[in-house]
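Shown next as structure tokens: one chain only, the form predicted alone.
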Amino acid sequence: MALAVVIFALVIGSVIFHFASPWWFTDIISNWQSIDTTILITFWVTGTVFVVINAFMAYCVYKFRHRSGQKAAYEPENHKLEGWLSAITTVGVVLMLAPGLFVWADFVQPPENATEFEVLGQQWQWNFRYPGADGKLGTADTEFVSEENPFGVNPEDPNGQDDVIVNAPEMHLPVGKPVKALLRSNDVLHNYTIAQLRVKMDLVPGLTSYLWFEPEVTGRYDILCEELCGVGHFIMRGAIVIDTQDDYDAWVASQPTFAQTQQAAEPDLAAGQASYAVCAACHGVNGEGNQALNSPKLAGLQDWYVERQLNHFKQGIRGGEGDVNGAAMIGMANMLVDDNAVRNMAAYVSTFPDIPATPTIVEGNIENGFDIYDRNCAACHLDSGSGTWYTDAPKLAGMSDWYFVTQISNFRAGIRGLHSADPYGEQMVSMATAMSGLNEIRDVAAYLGTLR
């Protein structure tokens, strides 16, 4: 009797929770209401089966409970019951599968007027490419991928020269127009998912998959990777901004074309050297750093990383509340009047002889530091700590270990990495919080001191 009551209460409670639950679908912002309808049909079919089977089980537990003097009847077959069960099951399966087949048929047949754009996934970031004035995307392949051409656009394809390159995890689209997303991966399986649009599709290395949708509500929404793609899978996030047509046109016009990214003028090292004269007072003539002045070693850092950090200081992305030393850099960075001045400075810094900094972290468990680094950091910064442009990870080996401790502590404390325009900083916040505290941070710093 008690078991029958428990089973019946479970059924009643589940039904109540389903209707009263605060967790439900996100608001839909696209044309795919049919996907929601398909899921709801599945809910009703499976929910009905759940209620009927469990209610019947509770009835049987009660009806056929053990009673003294009553003998159980044995009935090996019941063809009528089997027929009914087979028919009902068939109807239920058809109700669950048939709507999805119709929706899928629409999902893979974009309208002729859909505008194409490309989504490029790689560990662990999103990038995007749009057709230029000719309305055509150029061909691309991983054989062309390099630091200067991360999209792998075929430089010999004339259709690709005016392609709009967005080397950042934020994309834009106009509201009220159908679009077709071409999905490529540079390395492993990824998955392009936007919950509010009700779209998701795998990015498979070696081929181009696709999907289409029509955004109907302006706003900013998350892009997620829903395919386990390595240790940094959970930080592979981006954003899609649905704009009015005018705002979208203005945004596209502000992005560089592929040809422009390939034709950038060589940096002026002499101008960079002149600008660096002010920096040398703290960071040293050859970028060797000075702990007494809270100035880290710069020699050995990649030019693209130095350039990005200088721009972050100029734009207020770094040096905010609580970052006293970072705030001191804002004024220095603002002395570089434009992008060319920043590039010149970064290029000059990259010419410094890379003499490893003298380790200052003398207390630290190197073995534990290796374990933490190997588990959390090496996938981006490489086993050697040399970093790579591919994952936007700067060099760590031979750099100032005290500065490493300071910055990881800042990431943990939310002093750095929480600005909305710093997606790579946001990734580092997650990685930094994987270290339990200062002792583990010092362990990693001690290990990095061994990578000479």
Partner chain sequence: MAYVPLADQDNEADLHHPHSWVTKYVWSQDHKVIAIQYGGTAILVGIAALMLSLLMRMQLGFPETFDLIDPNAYYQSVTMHGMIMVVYMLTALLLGGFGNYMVPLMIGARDMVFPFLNMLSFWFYLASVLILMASFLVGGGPTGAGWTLYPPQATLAGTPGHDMGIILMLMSLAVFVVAFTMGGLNYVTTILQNRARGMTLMRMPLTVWGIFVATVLGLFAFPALLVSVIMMTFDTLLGTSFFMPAIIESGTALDHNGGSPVLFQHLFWFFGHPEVYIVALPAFGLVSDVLSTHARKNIFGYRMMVWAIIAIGGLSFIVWAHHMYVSGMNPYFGFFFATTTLIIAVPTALKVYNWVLTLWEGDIRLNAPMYFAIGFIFTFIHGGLTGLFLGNVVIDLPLSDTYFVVAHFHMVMGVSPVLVIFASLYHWYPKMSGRMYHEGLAKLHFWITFLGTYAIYLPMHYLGFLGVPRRYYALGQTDFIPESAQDLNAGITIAALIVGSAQILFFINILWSLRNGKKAESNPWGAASLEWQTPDTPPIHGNWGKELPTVYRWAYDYSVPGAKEDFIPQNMADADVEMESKSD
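Positions refer to the first chain, counted from 1. Take the two forms, superpose them, and find the largest set of C-alpha atoms that agree within 1.5 Å; that set is the rigid core. In this text, all values refer to a predicted model and were calculated from it rather than measured experimentally.
This next part talks about the form predicted in complex with the partner chain, which is not shown.
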**Message:** Is D222 part of the interface with the partner chain in the model of the complex - any heavy atom within 4.5 Å?
**Reply:** yes
**Asked** Is D243 close to the partner chain in the model of the complex, meaning a heavy atom pair under 4.5 Å apart or at it?
**Response** no
**Prompt:** Any chance I35 has a heavy atom within 4.5 Å of the partner chain in the model of the complex?
**Reply:** yes
**Request:** Answer for M431 alone: is it within 4.5 Å of the partner chain in the model of the complex, judged on heavy atom distances?
**Result:** yes
**Complete:** Given 194-202, 305-313, 321-329, 345-353, the stretch touching the partner chain in the model of the complex at heavy atoms within 4.5 Å is 194-202
**Message:** I need to confirm a contact call. Of T358, S254, N113, T89, which residue comes within 4.5 Å of the partner chain in the model of the complex, counting heavy atoms only?
**Reply:** T89
**Asked** Going by the partner chain in the model of the complex, which residues of 151-182 come within 4.5 Å of it through any heavy atom?
**Response** none
**Message:** Following rigid core alignment, is the displacement of the E148 C-alpha between the shown form and the other one equal to or greater than 2 angstroms?
**Reply:** no
**Request:** Verify the C-alpha shift of G92 between the shown form and the other one: is it 2 Å or more after superposing the core?
**Result:** yes
**Request:** Align on the rigid core first; then say whether the Cα of A270 has moved by at least 2 Å between the shown form and the other one.
**Result:** no
